[in-house]
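The form predicted alone is given below as one chain in structure tokens.
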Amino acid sequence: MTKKRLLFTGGSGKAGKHVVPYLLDQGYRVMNVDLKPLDHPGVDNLIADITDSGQMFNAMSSYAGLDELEPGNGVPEFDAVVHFAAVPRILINPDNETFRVNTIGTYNVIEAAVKMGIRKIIIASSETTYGVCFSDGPTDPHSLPLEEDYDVNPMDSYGLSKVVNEKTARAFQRRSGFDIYALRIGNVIEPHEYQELFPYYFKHPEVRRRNAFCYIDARDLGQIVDLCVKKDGLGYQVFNAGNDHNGAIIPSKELAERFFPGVEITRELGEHEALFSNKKIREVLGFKEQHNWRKYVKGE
């Protein structure tokens, strides 16, 4: 059986370097398109710049490896595009460069995929769209938990770029009828970071306020991407990509009252249910968390 071919942009980044191996383990062939290669067995790499439209069209009409020359049937088609490549936050590049790379890059990737007839496109949006993370000064959300129908309105260049990218995805989905899913990815945690970071977070929960105490294990993010690839027919969708619980030992109701006093709670919360809700991915995609922080670090 021929493996499904995935073109994955940004596979060498913090999240991608864990998501790509997960997808390989699920039986996909993955071509990583990035400015630097991912050194992992079985990964095909292509060095390319997402801000160059021609390079994106070329990448999506490319062989993934020399072995694909052998059948003599021309270039195989990609089954899906997963777009993670981006400037990953503010204060790395000037704000206008962050906005340019993220918005133009996403436009180029989606445009090429749609015009090449690739009917499944998954893009990385961000929890920063909710406007709390990179705001000037402490900012309260309008309501909790944070769910996908929230009126997102960030004030920073990174969060704004992700809102624009969601609109770009929606416009191309309307034009094409293809499935285009945007993942509002929470704060990505790599396996080694539980021991390094979480004990400090538990002693100083205030440092996680800007993230609304969310996290997503990079391997669980791989599961979410896999579920998105396999789930057809949803059109344009936005999904929060987060773990089931908060990255805190304080129960959810107490956490909200302590750090977001006066903010409306729109529904009953489970004892430790994430304020950055993953209810939609559980109900629509069938996501089942595998890497709760409690597996890796003691909370008390």
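Start at 1 and count along the sequence shown; that's the residue number. Not measured: the values here are computed from a predicted model.
Below, we refer to the form predicted together with a small molecule, which is not included among the displayed structures.
The closest non-hydrogen atom of D49 lies within 4.5 Å of the small molecule in the predicted bound form. Proximity of S277 to the small molecule in the predicted bound form: non-hydrogen atoms within 4.5 Å are absent; the residue sits far from the partner. Of the heavy atoms in G186, some are within 4.5 Å of the small molecule in the predicted bound form. The small molecule is not drawn, but in the predicted bound form it has a heavy atom within 4.5 Å of Y158. The stretch that touches the small molecule in the predicted bound form, counting heavy atoms within 4.5 Å, is 122-130, out of 122-130, 135-143, 224-232, 70-78. For the candidate set I118, V101, I90, A218, a heavy atom within 4.5 Å of the small molecule in the predicted bound form is found for exactly one residue, namely V101.
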